[in-house]
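Here's a solo chain for you in structure tokens, the form predicted on its own.
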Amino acid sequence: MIVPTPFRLSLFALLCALFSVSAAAADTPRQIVAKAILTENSAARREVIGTLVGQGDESVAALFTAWREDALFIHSSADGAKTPVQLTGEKDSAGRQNALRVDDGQLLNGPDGKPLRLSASELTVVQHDRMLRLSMKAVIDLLDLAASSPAKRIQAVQTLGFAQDAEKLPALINRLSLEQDAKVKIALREAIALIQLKSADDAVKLAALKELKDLHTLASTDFIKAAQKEAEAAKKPELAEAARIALGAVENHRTAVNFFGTLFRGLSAGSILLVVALGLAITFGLMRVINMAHGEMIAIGAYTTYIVQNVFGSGLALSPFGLSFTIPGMNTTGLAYESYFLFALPLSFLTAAAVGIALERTVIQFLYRRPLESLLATWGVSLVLQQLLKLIFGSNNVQVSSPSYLSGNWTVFDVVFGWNRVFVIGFAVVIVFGIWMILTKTPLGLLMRAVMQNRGMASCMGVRTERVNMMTFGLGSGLAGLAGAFVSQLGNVGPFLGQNYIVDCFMTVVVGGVGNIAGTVISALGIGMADQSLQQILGNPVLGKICVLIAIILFLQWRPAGLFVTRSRSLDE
């Protein structure tokens, strides 16, 4: 049995006043506060304040704070009219300030139409007592129920519902009748049902469990379990059965959410793998160069994004090889600052492509058709690049903050779609389409395919194979730089960032079939989906990764050439 307390009685009086004082409904919140100030009877004053329950005017909280701090006054004019005011602004030499009317927030004017300047000593302080302060607190606690932002309203509703405070139930029921937003309505229904689970009436509990079964929200799981245990302990089979059915509906919904969430995560993981592996599919798949420094191209793209972000901000101080210098920043803010990522994408591509071309001209061009030597040479280059990045940017990871348009998410039926992962899926589609266009619709693609098919014949036909090799290697490295720009949005950037992806890249290219872009796409998506699904099923990311590796080894035993075998005269040699 709920024991009445002064606070509960006060709240009950306030909520009753919500329906009984119909005349005040037409007034603005400020006018209601002014009316309460001028009401002399304490009980009537609390009733007037109670009409503010569920109204989202932010000025109410500020006025109540001023009231409790003795900062509200009553001004009496010569004709006896009383006006609630709040003093504001700088005091003059006589200690006078401007006076704001409580009822409309405008300056209080004198008979001559000019603003009055008043001092606290010539005004009457508005009084308050404990019961009145409790009434104000009740209003403030429920103020967010009528906030303009639906997200804020949902948060306020969930806070009240999870607290299972029966005293807030009338306010939630009243708000449900006024609410127009569908998501807030669902939150209100859930909160009301959760509070009703604490009712002493079994019929009310049964109705609440039926409502929770219909809503099958994930957040209600623990509350339904608690209700089931309580019913079983009290030997109430009907309630226990209703709780079991409600819990089953929630678990069915959870299974569906996990299924579609795993599909989305697998697709996004496969897209990330695809973006990272496409560059290697060009250099390893088409040129037959085992580039162990491919991971460092990813790191170069990520660090380029980091530099661009700081240039758009306050600048960047570096001290490579003991030399200190500062890259000046543009000190942009707001949308201009957040546009840095749009500039970082092409710059990451160009920077990594330039490094790749330099690597091809200085090392790789002497090692074509010598896979073991090229592997060892690029591995050495990989170590050198890691140490260079460490010397320039330090051994600690650096943070690249995501712009706001990549930081949020959409939640559809409890499945969370992160904007950054949705972006990488679209980004991967665009890159695959772009690569396909380059290889099949441009002169560079024609020359690349000719050199891949038969380098000697292409050279005899006048194709400058050295230039094609350089451009191809630059394209593959640039794609790795693009991948690095996006990877920087998913986590921290460090000198050894590329080592996290290089093994997965080679697995993706080999499983898809060396030299086959379509195979790389299917392989990346397949590995990503399998990895996420096994993690979900086994409940252990490490065990899931081991299972994927074993599956790849067995697959390559069955099909050593991968999913799609690319045949050419050069491969037949």
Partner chain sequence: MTSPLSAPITSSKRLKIEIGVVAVIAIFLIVIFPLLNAWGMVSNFHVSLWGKYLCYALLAISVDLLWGYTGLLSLGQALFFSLGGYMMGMHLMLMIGELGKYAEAGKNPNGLPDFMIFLGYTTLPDFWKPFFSFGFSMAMVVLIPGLVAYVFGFLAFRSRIKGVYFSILTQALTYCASLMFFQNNLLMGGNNGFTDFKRILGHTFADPATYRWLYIATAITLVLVYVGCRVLSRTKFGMVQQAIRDGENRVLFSGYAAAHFKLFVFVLAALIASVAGALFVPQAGIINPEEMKPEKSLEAVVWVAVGGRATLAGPIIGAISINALKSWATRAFPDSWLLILGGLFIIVVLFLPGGIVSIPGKISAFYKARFSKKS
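Given the structure is predicted, the values throughout are model-derived calculations rather than measurements. Numbering follows the first chain given and starts at 1.
The next section is about a form of this same protein that is not shown, the form predicted together with its partner chain.
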**Prompt:** Since exactly one of L318, L176, L367, L134 fits, which has a heavy atom within 4.5 Å of its partner chain in the predicted complex?
**Reply:** L367
**Message:** Going by heavy atom distances of 4.5 angstroms or less, which of T124, S407, T333, Q387 would be at the interface with its partner chain in the predicted complex?
**Reply:** Q387
**4.5 Å heavy atom contact, W379 to its partner chain in the predicted complex** = yes
**Message:** Taking any heavy atom pair closer than or equal to 4.5 Å as contact, tell me whether Q499 reaches its partner chain in the predicted complex.
**Reply:** yes
**Asked** Heavy atoms within 4.5 Å of its partner chain in the predicted complex: does L239 have any?
**Response** no
**Item:** Exercise: F427 in contact with its partner chain in the predicted complex, heavy atom 4.5 Å
**Value:** no
**Request:** Please determine, with the chain shown alone, which of 27-35, 543-551, 522-530, 63-71 has non-hydrogen atoms within 4.5 Å of its partner chain in the predicted complex.
**Result:** 543-551
